[in-house]
Ligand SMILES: C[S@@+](CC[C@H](N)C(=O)[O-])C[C@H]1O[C@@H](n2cnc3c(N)ncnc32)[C@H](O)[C@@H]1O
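Read the single chain below, which is given as C-alpha cells and is the form predicted on its own.
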Amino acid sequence: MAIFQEPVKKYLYQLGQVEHPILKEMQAYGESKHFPIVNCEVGRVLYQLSVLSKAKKIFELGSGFGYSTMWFALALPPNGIVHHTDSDAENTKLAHHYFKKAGLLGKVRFHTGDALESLAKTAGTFDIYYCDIDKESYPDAYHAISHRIKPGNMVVTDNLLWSGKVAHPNPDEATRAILKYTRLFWNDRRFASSMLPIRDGLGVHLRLKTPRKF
C-alpha cells in the first residue's frame, strides 16, 4: 500500500536533498545497495529534533552503516555523543569509515551486537533514543526504554507506517509488533506521542513531567 502518491514522494525526496558531501555519499551508497536508510526527508527531522531538544547524548537502537547517526552527530554540540549500534561488524566498520572521513569520530561510540543488549550494558540516560531495530523487537524496545527515560527526553521511531501494512486487515508478525509498540506508547500517559507521516512513518514520543491531560 503506497503511503504517498509517487509525484508527492518524488517532490519530498527532491526537497530534502542536501549538499553535505558525506551525507550525499552515504545516501548514494545506501541507494546503490538497496540498503534501507531513513533518507534525507527523515534525516532533516532528526537534525531538527536534536537541535530543538538541545540533545547532548543520543542512543540509536539500530544504526546500519551510520546514515541516521551522521544526521544526529552533525546536530550535536562539540561535546555531544551519539551511540551507534548494529549487529553486523561490516556495517560498524563502514560507519567508522564515514565518520573518520567526516572528522566526527569523537562524537560517536560504536557497539557491535544486539542493540537492546548494548543499551542494557550502557550506563546513564539519553536525551534522544532512536529506534530502528528488527520490527519484531519493537515491543521489547518500548519496555527497555520507557523505564529509564527521563522527563523532557524523547524517543524517535522509524517505520511506524510500515509501507502502509499497519492498515491491512490481516497483519503479519512484524506489523503486529509495530502495532503493539505504537499502542504501548500512545496508551502510556507518561508520553505525548505523535506520528509524522513522512517516508515510512516517524513516531515522536516525548516523556512528560506529569501525565498528559488528553
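Start at 1 and count along the sequence shown; that's the residue number. Because the structure is predicted, anything quoted here is derived from the model rather than measured.
There is another form of the same protein, the form predicted together with this ligand; it is not shown, and what comes next is about it.
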| item | value |
| --- | --- |
| Listed range touching this ligand, judged in the model of the complex by heavy atoms within 4.5 Å, from 140 to 148, 119 to 127, 96 to 104, 79 to 87 | 79 to 87 |
| 4.5 angstroms heavy atom contact with this ligand in the model of the complex for Y67 | yes |
| Touches this ligand in the model of the complex: I37 (any heavy atom, 4.5 Å) | yes |
| In the model of the complex, A115 touching this ligand (heavy atom, 4.5 Å) | yes |
| This ligand contact at S63 in the model of the complex, heavy atom, 4.5 Å | yes |
| Sequence-ordered list of residues in 117 to 133 near this ligand in the model of the complex, where near means a heavy atom within 4.5 Å | Y130, D132, I133 |
